[in-house]
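The chain below stands alone, shown as structure tokens; this is the form predicted alone.
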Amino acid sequence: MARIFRRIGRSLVQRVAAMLQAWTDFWFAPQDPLSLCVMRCLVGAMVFYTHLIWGLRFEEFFANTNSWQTQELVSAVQADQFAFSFWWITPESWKYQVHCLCLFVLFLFWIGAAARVTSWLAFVITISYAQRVPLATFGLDQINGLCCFYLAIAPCGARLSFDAWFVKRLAAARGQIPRILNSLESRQMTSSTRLATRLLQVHVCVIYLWAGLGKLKGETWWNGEALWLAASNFEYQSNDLTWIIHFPWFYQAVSVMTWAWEISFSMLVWNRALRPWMLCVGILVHWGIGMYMGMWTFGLAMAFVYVAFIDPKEIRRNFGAVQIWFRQSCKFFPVSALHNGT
């Protein structure tokens, strides 16, 4: 009997140890940062573009004297929350210069220059702009902020960046390319990359889960009329979708499928076989929002987040296929022919 209990005890200890190891690997196992580096290129472009657009009406948004949202109004809106923004402590005479400096920093973040520093600065800049004018911010600004935060945790400038290019150029000048590159490969596999990736993935799952559950509070999402109400709202309409009134079964089915997909996303996206399908549906959903409701920037930002769900090996394999295709194409159309005017 004692032998049986010892065997059961050892089995339980092994199972618990295996579970703890799997949990640790899920959050902290070293990971290639390539996916987040690709994501930095995409998110960096969106963040730079977003703040460039802010500057088109800079005085109306961020000036203290004639702003659309005065400090008293914003303070009343944010009375019960901590909302940091460096615009409240920036002198009025320096604001446009600070805005130009912010654009420069965001550009450096986009190309991956001093990414360890500029990624955190990009996060501070993003939330400072959004929280200065809270009544003019939407889902795009929130997605930009959370992406910048998680990218700052990881070495998002390790690949596809000015930093990586500079290190290779320096290694080439010293004739130490193999040793330098091997050292970089070993140092880039970090636990911070895994942690940032998992946090971002879980955050996206929570967003979709609460979005789906929130839809169930409204009757229109149960009876399937929500899609029609959105299509008939001319304030957001960029392409006419009112023709669906003649096909009630269509907008009713799509309305129900939308919240069903959002709720199931947080569970099914972790299945490797179902993940591509869940992401493809998400791209179609946000593509539809962009095309028919004019929210292209928000739709693209959500699609950029999906890169965090793609295995770096898959990205590397696809990059390799593109490189092979390009080299094969060059055989049929030599680059030297361009210099001959042909």
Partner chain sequence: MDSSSCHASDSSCPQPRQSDHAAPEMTQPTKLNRRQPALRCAGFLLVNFWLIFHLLGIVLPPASVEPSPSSVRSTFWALRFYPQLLYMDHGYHFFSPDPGDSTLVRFVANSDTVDRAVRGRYPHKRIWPRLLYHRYFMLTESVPRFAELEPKLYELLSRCYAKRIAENHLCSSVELYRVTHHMTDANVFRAGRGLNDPETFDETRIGDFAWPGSFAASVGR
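For clarity, a rigid core is taken as the largest C-alpha set superposing within 1.5 Å between two forms. Numbering follows the first chain given and starts at 1. Please read these numbers as outputs of a predicted model, since none were measured by experiment.
Separately, the form predicted together with its partner chain exists; it is not shown, and the next lines address it.
Asks: Find the only residue in A303, V285, L42, M293 having a heavy atom within 4.5 Å of its partner chain in the predicted complex.
Replies: If I apply the 4.5 Å criterion carefully, the residue I get is M293.
Asks: From the list F250, W88, W221, F107, which entry has a heavy atom within 4.5 Å of its partner chain in the predicted complex?
Replies: After the contact test, the surviving option is W221.
Asks: Answer yes or no: in the predicted complex, does its partner chain come within 4.5 Å of a heavy atom in every one of S67, I153 and I207?
Replies: Yes.
Asks: Using the partner position in the predicted complex, report whether L56 sits within 4.5 Å of its partner chain, counting heavy atoms only.
Replies: Yes, L56 lies within 4.5 Å of its partner chain in the predicted complex.
Asks: When the contact criterion is heavy atoms within 4.5 Å, does W165 count as touching its partner chain in the predicted complex?
Replies: Residue-level check for W165: no, no contact with its partner chain.
Asks: Look up in the predicted complex whether E60 has a non-hydrogen atom within 4.5 angstroms of its partner chain, and give yes or no.
Replies: E60 belongs to the contact set for its partner chain.
Asks: Indicate whether its partner chain has at least one heavy atom within 4.5 Å of a heavy atom of W94 in the predicted complex.
Replies: Taking the distances in the predicted complex, the answer for W94 is no, it never comes within 4.5 Å of its partner chain.
Asks: Could you tell me which of 165-173, 120-128, 266-274, 99-107 sits within 4.5 Å of its partner chain in the predicted complex, going by non-hydrogen atoms?
Replies: Of the options given, it is 120-128.
Asks: Let me know which residues along 34-49 have a heavy atom within 4.5 Å of its partner chain in the predicted complex, or say none if there are none.
Replies: Only Y49 sits within 4.5 Å of the partner.
Asks: Establish whether a shift of 2 Å or more occurs at the C-alpha of Q14 between this form and the one not shown, with the two forms superposed on the rigid core.
Replies: The answer is yes, as the C-alpha of Q14 shifts between this form and the one not shown by 2 Å or more after core alignment.
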